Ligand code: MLT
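In the form predicted on its own, a lone chain appears below as structure tokens.
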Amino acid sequence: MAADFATSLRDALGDDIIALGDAIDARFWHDWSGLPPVQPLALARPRSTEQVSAVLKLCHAAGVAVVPQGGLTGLAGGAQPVAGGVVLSLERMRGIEEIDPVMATMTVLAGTPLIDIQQAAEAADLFFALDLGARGSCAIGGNLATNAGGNRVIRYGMAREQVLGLEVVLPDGTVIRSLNKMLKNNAAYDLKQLFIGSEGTLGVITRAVLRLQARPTEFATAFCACADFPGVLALLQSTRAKLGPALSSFEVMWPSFYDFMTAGVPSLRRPFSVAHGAYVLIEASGFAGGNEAARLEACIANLLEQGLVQDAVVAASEQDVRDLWAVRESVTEYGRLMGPLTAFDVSLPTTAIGAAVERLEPELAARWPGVVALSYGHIGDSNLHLVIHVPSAGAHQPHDEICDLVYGVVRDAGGSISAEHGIGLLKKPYLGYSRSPAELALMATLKAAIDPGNILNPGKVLTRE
């Protein structure tokens, strides 16, 4: 019956849209989560919203699962195919349809790469604030479906703050067009918020109206060294108070990350000749006449006098900026330096992050001697990343035991098991650590109401009995 349905789907939409069997490229069998590949029943690559609707309508009628895919850069398994299901790739639905310079909006198709959006905004002398390391590969539809965060959340907020309107296709093929361009629109429920962060379990995002910002013309970057995490908190408070909205990035690296990466990547410039307790990369951005560099330098100088900052390097050129950011963005070298990883993207109250790292790194080392555990993150917005590799375990990393330990610490601190990467498959067993039974019940009610057949990304985020 499955083969019959796949053939009927291809007959209805054509070989250009539907691929079956060996014609399905292996790259659609998995995302970046590291989960084993799954060959789908069929691959749909629509070119229009109407074709997305047609695929979903047919799958809904037949009770066949559909897994939406964007740039496949997700780390939680949210785009992992389902056996016997259809993969719905949005990669052909890319393009910028409109830039409205007066409303400061951009209307885009869901498969558009993030970097294309950033570059188009800059060409129009505007700015799209969402930014993350996978900018060249990830698609905006996936960014919105996971409510992505990234490097500038401290100033501009998460992905949902960058969206004014959406076009979404529901599981039964119904198209919801709510391509609002207005900042103020209180006409009943804000339906777009249902789909942002829902990881494709409630609907497939096909278009978005994005909110743009004025393009900053001045940037200042500094790399600071602190004795300990209290010094980091003092630096955060001071820069927030003195820079205000000009503070656009506040990235913290513990010695575990800084020492390991600067030793392992020869091309990295090591800003300091002596060791420190914590390292902070700060970016301030503004406009002509704002003199952000002088303001940032004055702020740091005051903290140096107080001893809260031990040393600092302020970028004097574009090359300096690239060199300083290269330390933080060296995460692309993980695969070469470590092998199989267990990676965490969590949030904790900012004041509790230091204690969490001080607890986790020694406990991991005691449990797995020789472990590589690297701590870093967007601490200005409470987001901690932790990457763990147990060399002695080889390819069989103790993922479950590591997750139990780390997520237990997050739960005890009142944090969230997911800051910006979604829940997908990998974090689903721990969702109750961060959401109450009443919250989970309401989520299940919404899922059942919108997708009663449970065809859209089934098994992701929530457990459906």
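Note that residue numbering follows the sequence shown and begins at 1. In this text the structure is predicted, and so the values were computed from the model without any measurement.
Omitted from view is the form predicted together with ligand MLT, to which the following refers.
- Each of R328, Y376 and H385 is positioned with at least one heavy atom within 4.5 Å of ligand MLT in the predicted complex.
- Exactly one of the stretches 164-172, 279-287, 329-337, 95-103 approaches ligand MLT in the predicted complex with heavy atoms within 4.5 Å, and it is 329-337.
- Though the partner is left out of this view, I154 does not reach within 4.5 Å of ligand MLT in the predicted complex, counting heavy atoms only.
- The shortest heavy atom separation between L308 and ligand MLT in the predicted complex exceeds 4.5 Å.
- Contact between L75 and ligand MLT in the predicted complex is found at the 4.5 Å heavy atom cutoff.
- Shown here without ligand MLT, the chain has no residue in 276-314 lying with a heavy atom within 4.5 Å of that partner in the predicted complex.
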